[in-house]
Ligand SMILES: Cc1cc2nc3c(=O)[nH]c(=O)nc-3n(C[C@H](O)[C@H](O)[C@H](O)COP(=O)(O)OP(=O)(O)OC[C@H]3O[C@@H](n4cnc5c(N)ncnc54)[C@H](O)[C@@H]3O)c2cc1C
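Take a look at this single chain, the form predicted alone, given in structure tokens.
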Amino acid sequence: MSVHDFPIRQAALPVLSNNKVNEEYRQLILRAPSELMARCRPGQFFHLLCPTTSESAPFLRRPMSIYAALADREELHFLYKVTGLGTGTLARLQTGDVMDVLGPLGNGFTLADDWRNLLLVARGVGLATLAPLAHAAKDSGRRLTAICSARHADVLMSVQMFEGLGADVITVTDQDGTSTPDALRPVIDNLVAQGRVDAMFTCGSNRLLKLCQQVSADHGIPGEVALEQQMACGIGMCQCCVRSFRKPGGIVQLRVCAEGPVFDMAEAMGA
């Protein structure tokens, strides 16, 4: 086995761009080898070594979901919100800088052969985690509906990307009152009635997870959730990302980084 056969790689990748998407989020694009991008699966993540500056020195790597892994263009995309020390230094990266990444890590989403109609329900940066599913749906000829949720219209993201990949997009916001579980439930029930939901996927909101779990249970529709959790090592050694899950034999504790971050929707419990 050569180093190129090992599924996880540590690599120093040059920054192609690091631009604002809106007032809250930025998109980081790195030049990445096509053979590394070909290993990436929807739902997986990379562990990023954030740069140090004269004012900030983040110690731990930061886990970040793959927004896009484009083997043909040799590009690795991340979508992130500046929320603290690590992402604050990420925001300072300039074209030509080098970013140390470790990955791809974790287990990705399942796409069973008979899941021909997919429903994505995501909010905020959770849209980044689900975005690669849109590429997979297009590549495999599946129909995709994406419900994109945000606080207000100015921070809705990925709508054009989903539409460009052939998805039917439904946008909902807190601002107009369309993003609440009570408002979304009839929207999803209507999609189910039209035969447009063979499987559901969600990320980015506990209330959306609970809503999807209720719909899944009521209609017998399978689903998966990508969980967001603080991590230290990202490879299962430190155990700091352990969460509780419902299994047939009772509650079990699993590591989000190693056994996840994608789990059966019915087994996931709120943080």
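Numbering starts at 1 and runs along the sequence shown. It should be emphasised that the depicted structure is a prediction, and the values quoted were computed from it without experimental measurement.
Separately, the form predicted together with the named molecule exists; it is not shown, and the next lines address it.
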Worksheet entry | Residue contact check: Val98 to the named molecule in the predicted complex, 4.5 Å heavy atom | no
Discussion item. Given that the named molecule is not shown alongside this chain, does Phe109 nevertheless sit within 4.5 Å of it in the predicted complex, heavy atom to heavy atom?
Written reply: no
Discussion item. I'd like to know if Arg185 sits close to the named molecule in the predicted complex, meaning any non-hydrogen atom pair within 4.5 angstroms.
Written reply: no
Worksheet item: Pro132: heavy atom within 4.5 Å of the named molecule in the predicted complex?
Response: no
Discussion item. If contact means a heavy atom within 4.5 Å, which one of 140-148, 192-200, 124-132, 177-185 is the stretch that engages the named molecule in the predicted complex?
Written reply: 124-132
Discussion item. Using a 4.5 Å heavy atom cutoff, which residues in 66-83 contact the named molecule in the predicted complex? It's fine if the answer is none.
Written reply: Leu79, Tyr80, Lys81, Thr83
